[in-house]
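Shown here is one chain on its own, the form predicted on its own, set out as structure tokens.
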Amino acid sequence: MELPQNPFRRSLDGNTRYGCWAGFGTGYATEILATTGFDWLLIDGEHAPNTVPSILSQLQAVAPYPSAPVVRTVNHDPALIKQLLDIGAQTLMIPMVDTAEQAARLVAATRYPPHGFRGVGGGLTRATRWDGVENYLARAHEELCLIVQVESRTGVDNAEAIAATEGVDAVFVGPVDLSTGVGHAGNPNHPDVQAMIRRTLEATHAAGKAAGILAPAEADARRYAQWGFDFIAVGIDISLLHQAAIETISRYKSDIPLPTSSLGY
């Protein structure tokens, strides 16, 4: 059996790719999203109620569809990274990366020795198709994609070194945490934050890597696409349901306030 191809990695071809957060924690809901035309879906293991089994069910649910899955971890735990790779995740997003040293450690967690320290699961794992993939240990890295998140002033200050780290494929800006951390909570459009976002984008592209960002507000998403971001999350499934439900009931009940558009979560 051939090593499965990574559709997300292969989609980073210079055209902006639009994605959606998947936060319900169920394969059923994420499969619905996979039918709607988003280029990629972020299965969120940081803020959504996900576990390794629930992430597995979502990877299986979206496998027949063209929407490429990206899995976000809750932290830098190499044991969790190993589990997520073993269940077949090929694109990982890791939050709160502040230094090149952290980035290099994360790369090592995704690689087998001698290039890293990922443990060998062999025939127990979906990633190997239960030992059906030829030369998986030697070739697994060829179809992995590691996205690190820059979400702090320190991360922005180190963006050049983080992006240049060998084995890092993309950098994703977290505008909500970034704006909060630099004293502009709830306002990622503050000029200081916008300048930091742009610096990170330019540093990432200078290193020859892809850059992504979260932008649920249409005006923000269009601006970031114009700047040259390679992949943009333009929706969050929970927010989409919440807003649509309020808009629906407000047609029949005059005392329901209309929802406001969020600049982040």
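Residue numbers here begin at 1 and follow the sequence given. Not measured: the values here are computed from a predicted model.
Separately, the form predicted in complex with a small molecule exists; it is not shown, and the next lines address it.
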Contact of G174 with the small molecule in the model of the complex (heavy atom, 4.5 Å): yes
In the model of the complex, E202 touching the small molecule (heavy atom, 4.5 Å): no
Close approach of L59 to the small molecule in the model of the complex, 4.5 Å, heavy atom: no
The small molecule contact at I236 in the model of the complex, heavy atom, 4.5 Å: yes
Selected contact from A211, I43, I197, L214, since only one has a non-hydrogen atom within 4.5 angstroms of the small molecule in the model of the complex: L214
Option from 175-183, 119-127, 101-109, 133-141 whose residues, in the model of the complex, bring a heavy atom within 4.5 Å of the small molecule: 175-183
